[in-house]
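Below sits a lone chain in structure tokens, taken as the form predicted on its own.
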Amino acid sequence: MNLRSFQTAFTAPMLDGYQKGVMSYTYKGVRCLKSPIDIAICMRLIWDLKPRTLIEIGSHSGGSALLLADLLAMSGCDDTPVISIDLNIPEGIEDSRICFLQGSVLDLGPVLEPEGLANLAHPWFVTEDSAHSYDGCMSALGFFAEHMQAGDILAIEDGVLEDLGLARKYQGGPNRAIADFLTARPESFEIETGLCDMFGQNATYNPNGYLRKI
């Protein structure tokens, strides 16, 4: 399977300042750490998909879960739960729309099975934004390839690490994982180029990282 380039549309001088802004970004006073371009992409994704379940892997401080819950409400998906998973549950956030669960991307079954995984309504929007390691991304891809239905969306976040010169620290990170997984299992997902290229080819922190289940 021939995959297109993972290089983003960001230039090095622009990306340096942009990354500093992303790492300091907050939502409702809580650290969110989201690229504003990808927030815009998520707004469109949620509006078009109308997900009935949203799973976030990588809660961090909880700001992104709050943002996603509000984006769902803005799109008329008031009853869609946000299930947010991390090694540590954020403190100080109480929101009936969000279920914070403790767990690891490397072993998602024991985390999600008690929540009635088979009964979670589709379509799903899943965003993998945890450790960004090759092993973690491969684990998420393998798990959700088995449990998602055709049309569901999986976002593997922060492949921009390669442009930032950090891919080696993460054993190749998201980009290597996506390339290896899609090469080995091309029948599982397709790259949703309409999302990846909304603002120019891979003008996103998630190059080739918006995947639609086939």
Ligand SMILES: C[S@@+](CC[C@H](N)C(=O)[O-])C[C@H]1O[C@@H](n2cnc3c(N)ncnc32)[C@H](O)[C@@H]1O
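Computed from a predicted model, the values in this text were never measured in an experiment. Numbers follow the displayed sequence, beginning with 1.
The discussion below concerns the form predicted in complex with the named molecule, not included here.
Contact check for L49, S75 and A155: none of the three has a heavy atom within 4.5 Å of the named molecule in the predicted complex. Taking A145, C32, L161, A69 one by one, only a single residue has any non-hydrogen atom within 4.5 Å of the named molecule in the predicted complex, and it is C32. Contact between A121 and the named molecule in the predicted complex is not found at the 4.5 Å heavy atom cutoff. Not displayed here, the named molecule is kept clear of I178 by more than 4.5 Å at the level of heavy atoms in the predicted complex. The named molecule is not shown here, and in the predicted complex it never comes within 4.5 Å of any heavy atom of G172. Using a 4.5 angstroms limit between non-hydrogen atoms, L141 is distant from the named molecule in the predicted complex. Judged by heavy atoms within 4.5 Å of the named molecule in the predicted complex, the contact stretch among the candidates 178-186, 147-155, 56-64, 40-48 is 56-64. Taking the named molecule as positioned in the predicted complex, the residues of 120-137 that bring a heavy atom within 4.5 Å of it are, in sequence order, D129, S130, A131, H132.
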